[in-house]
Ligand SMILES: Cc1ncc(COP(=O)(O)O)c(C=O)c1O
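This document starts with one chain, in the form predicted alone, laid out as structure tokens.
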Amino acid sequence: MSITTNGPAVSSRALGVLLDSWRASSAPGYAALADRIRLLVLDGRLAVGTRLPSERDLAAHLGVSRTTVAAAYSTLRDAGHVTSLRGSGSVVRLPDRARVPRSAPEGDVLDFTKAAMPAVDGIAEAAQRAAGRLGAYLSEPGFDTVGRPVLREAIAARYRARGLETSADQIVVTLGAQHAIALLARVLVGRGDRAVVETPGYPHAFEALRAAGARLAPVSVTVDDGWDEATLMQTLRRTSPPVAYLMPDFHNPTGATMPAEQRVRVLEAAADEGTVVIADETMAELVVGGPGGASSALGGWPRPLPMAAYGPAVTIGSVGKSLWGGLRIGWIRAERPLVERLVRARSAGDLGTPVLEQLIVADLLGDLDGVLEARARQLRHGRDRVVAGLRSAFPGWTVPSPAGGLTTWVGLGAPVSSQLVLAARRHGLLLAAGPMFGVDGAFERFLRVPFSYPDDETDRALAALVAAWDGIDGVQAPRGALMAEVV
């Protein structure tokens, strides 16, 4: 999440919210402050080019001496994360690669900030088949703002197979799910409008809605209790927001799934207020199932019906999680009048989805059930390995075992997520700190850990977490438990 105020500047108050529990460290105050600002830059929560508050203003807001802030800014300048110009203040930047200190070779760094999987088998072959069919399209201009009929029909057929009657003309093919969110936000949201979002939630959805001018109205989601329905209903009634962005299936990052009865109530309440519910279903078919030892790939857990099967909703999907992130194909399912508005508005942002990639995805969707069965086996193995490893190494943590999706939302028992992420970087592991998933920071007690990576990378990541946890202030991880469990 990028936070800026009045253009390229961030206020002391807004920065203070993002800094949250920076004082938890026992390091000198200036070093702890510099470390936390550096993490905000690395995570993208402070955009490059943002002007930081003056030393005097930030010191007054944080209740520290100006010398502490000056020393923190000086440390950031020395590391290349801040540039100070006379008359312009201190501006966020990314350091030159040559100046970035590394304790591990670049090739050994594990990037666990992404909840994603490698490509499924068969993509290269599907690309060859699609290339063979491309000749039939070469006489056309190639600017496709709605989607090739063959792919729109394949997507509609997938909805029908999931229990929702859908026609091809209800589908708009997009450049992935993020593009779909941004396009919907641009069409449905006006500057200053409220937009209901989940917290924790998907940070890039927050960015897209903010870019459209929305003011975010957060509603809590937890691992154990799911959606705070009372607050959600109250927010809908009080603000009548034009949109509510929800991820009802294997929610990112908590893994929660909204019960059918609650879906009906939420959609009815939204319809009463004229609110368009945007249901992000990119995780919906990533069913993992029960714990290890389940007899089938799905572990007896049924695939959820699409949100629009329970009432009026616009749904978003993509193949970035199920097939491969390198195939930038997503879609929006909506009623025809909204489809027409989306297509008319799209050319202001892009001129269409590549035809070849659409043909590849249309080919692969024919065997999506087989792909999902294989993915379920992979993900259950990965989930069980990660959950067992974390529970063994960190008995004080709360480690859920979700029935679907790609990650577990771990409770750390202390507000040290950002400290832990910084420490993990020094051991060659990149993770997204809990506050990445909050509207205004928070969630320092949580960490999102993906379970979608190969065994060797998972084991290295777990070992790096043990080393990182052992080195942060005020906590001590048990030694030796991890390798006995997962090696």
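What you see is a predicted model, and the numbers here were worked out from it, not measured in a lab. Numbering starts at 1 and runs along the sequence shown.
Not on display, but discussed next: the form predicted together with the named molecule.
Proximity to the named molecule in the predicted complex, taken as heavy atoms within 4.5 Å, picks out 239 to 247 from the listed stretches 263 to 271, 215 to 223, 72 to 80, 239 to 247. Although the partner is absent here, Arg158 is not a contact residue: none of its heavy atoms lies within 4.5 angstroms of the named molecule in the predicted complex. The named molecule is not shown here, and in the predicted complex it never comes within 4.5 Å of any heavy atom of Gly404. In the predicted complex, the named molecule lies within 4.5 Å of some heavy atom of Asn252.
Pro200 falls outside the set of residues with a heavy atom inside 4.5 Å of the named molecule in the predicted complex.
Checked against the named molecule in the predicted complex, the residues Gln358, Ser318, Thr235, Thr275 give one hit for a heavy atom within 4.5 Å, which is Ser318.
Just one of Val92, Val120, Ala177, Val314 comes within 4.5 Å of the named molecule in the predicted complex, counting any heavy atom, and that one is Ala177. Along 356 to 384, a non-hydrogen atom within 4.5 Å of the named molecule in the predicted complex is carried by no residue at all.
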